[in-house]
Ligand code: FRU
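So this first bit is one chain, no partners, the form predicted on its own, shown in structure tokens.
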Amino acid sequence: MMAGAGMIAAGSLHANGNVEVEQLGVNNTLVRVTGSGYLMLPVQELNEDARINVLVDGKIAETIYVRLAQTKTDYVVPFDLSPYEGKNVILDVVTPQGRKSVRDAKVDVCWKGLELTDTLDLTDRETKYRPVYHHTPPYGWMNDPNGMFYKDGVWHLYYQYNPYGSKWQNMTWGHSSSEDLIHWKHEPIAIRPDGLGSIFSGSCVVDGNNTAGYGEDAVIALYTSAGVSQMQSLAHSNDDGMTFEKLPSNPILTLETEARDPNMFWNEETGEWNLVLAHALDKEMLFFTSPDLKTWTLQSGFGKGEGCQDGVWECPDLFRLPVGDTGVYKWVLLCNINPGGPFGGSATQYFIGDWDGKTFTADRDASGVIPTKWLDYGKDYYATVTWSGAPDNRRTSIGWMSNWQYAADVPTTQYRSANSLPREIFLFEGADGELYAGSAPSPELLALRSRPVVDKSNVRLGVKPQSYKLPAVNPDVCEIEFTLEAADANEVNITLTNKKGENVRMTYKPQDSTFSFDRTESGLIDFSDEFAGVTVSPTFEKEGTVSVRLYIDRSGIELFGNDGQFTQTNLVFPTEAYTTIQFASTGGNAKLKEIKIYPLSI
């Protein structure tokens, strides 16, 4: 591997064959590969994608897109040759960069950087910002979580994945599994692109009654095939989601206009399958029914002119929840949009209402309007969906912890993007009498805690800050839990800071019932004009008291207020770890009723 390429280290090079490069013209190159293992492809992120047709015994086996290095190598990515072992493999490469002559094309650094290796070293080389206890891909780009299901004690998480670079492209279903929602095992890629296009988001269910005919408890995946058009395709798995076989007659569902991200579930009351499909550009959700997961009938649509209409609608979910302990149940429709979030870019809105198996009817507020509601008021929480078949009637969710405004520009290269922490969605009544959806940290996260390094109570707050040190070991990996009583103050300021003065400023304003998060001085912010800013959430209370749990994990902070009634998720990139948290009040005294700071270990 080229020195300094840094993304993935190789084992023994050229151990199992050789690589021959034949220049055919200024933009066309043949690469003949003899051998096995992995072919390391040099990447230069600022370049445009080269199209690589992988020819196996003269036929196109697959097509991938890679930003092949022209003047320098930022990192390398592996192309796995194991599916083609013993066969003739040729990469037919078409590069978009203009050149004056074949001589110029020959000096591109990627051609000398093509190397074979028999093993990969996936050791993390980006520990400064890669989260410790959040799920991330081993390398490459990740966006929307999708296809999640729970079966036999294992949580399966699929995600939109580019294994050939740290920017969006080559959408496949990456796969990880976990027994506790904390420790994730990276599994082989589950579903790869084919002649119908890339593999966009979708959902999985366990077909316990064998309605699709693939066997009892077969895992059925419904996903979007994204080529020239977007269509819905089906695949099934008889090995608990490790490998999938695509339906030969795909696609199974087509529309005249763009639609994607199918999310399906079994409706016990009607005895059939229900499906929500995002009619993306029309900014509505479509609802279908099916007896067998293969034949779908359109029943209705919802959303035109309702809620936030500023961006494309996608990544839907629909599920039933109790309203506290009232005995009343309501349905929640998640609708992820981009752009149009409350503070710019992508975000998750939702609607509460009723579902009769064919039609969703949204609740209206006192003025007769269907209100716009947000599941998270931070900048970096998107594509929220829930696990199918979660135990104990849990509605466990996860989101993509980034924003389309700058996701491809954040200061990491070995990987890009993490998932949020797993959360439990619930319904509650706010101080205004409206129903809202909250999301609390999943109970499994309590296992991360070590003995608190700070445990104080009843601390009076005034203008002079009260300071507490974060854990000496891994201060950027911790949980902070505190409760504020501030009815007599104008505001309480909470500041995370490091020795360089980089900081995150949070402000609770009891009179306004708001909580804000300011990352304008949080560290690295100049990679995007859209990154720095302030996010603000309602606290849904009027009593001047809030409890907060902060999860800090190197480059991300998740804030849960009042047991998840309000949340904010925001990325941060401090050049040094935050080491101190400070509390101060203005316009009157307040009380830090309790504070505990927990080191976290995984």
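All figures in this text were calculated on a predicted structure; none of them were measured in a lab. Numbering starts at 1 and runs along the sequence shown.
As for the form predicted in complex with the named molecule, it is not shown, yet the points below apply to it.
J.: Just one of 175-183, 136-144, 109-117, 433-441 has heavy atoms within 4.5 Å of the named molecule in the predicted complex; which?
T.: Of the options, only 136-144 has residues within 4.5 Å of the partner.
J.: So, a 4.5 angstroms cut-off on heavy atom distances: do all three of Ala347, Tyr350 and Phe560 pass it with respect to the named molecule in the predicted complex?
T.: No, the whole trio is out of contact, none within 4.5 Å by any heavy atom.
J.: In the predicted complex, is there a heavy atom of the named molecule that lies within 4.5 Å of any heavy atom of Asp476, even though the partner is absent here?
T.: No.
J.: Consider Asp261 of the chain shown here, and say whether it contacts the named molecule in the predicted complex, taking contact as heavy atoms within 4.5 Å.
T.: Within the cut-off, so yes.
J.: Even though the partner isn't displayed, in the predicted complex is Trp168 close enough to the named molecule, meaning a heavy atom within 4.5 Å?
T.: Contact with the named molecule, yes.
J.: Does Ser290 reach the named molecule in the predicted complex, with heavy atoms at most 4.5 Å apart?
T.: No, Ser290 is distant from the partner.
J.: Would you kindly say which of Phe482, Trp355, Phe426, Trp404 lies with a heavy atom within 4.5 Å of the named molecule in the predicted complex?
T.: It is Trp404 that has a heavy atom within 4.5 Å of the partner.
J.: Looking at Tyr75, Tyr382, Tyr158, Tyr377, which is the one with a non-hydrogen atom within 4.5 Å of the named molecule in the predicted complex?
T.: It is Tyr382.
J.: Between 200-230 and the named molecule in the predicted complex, list the residues on our side with a heavy atom within 4.5 Å.
T.: If the 4.5 Å heavy-atom criterion is applied to the named molecule in the predicted complex, 200-230 yields Phe200, Ser201.
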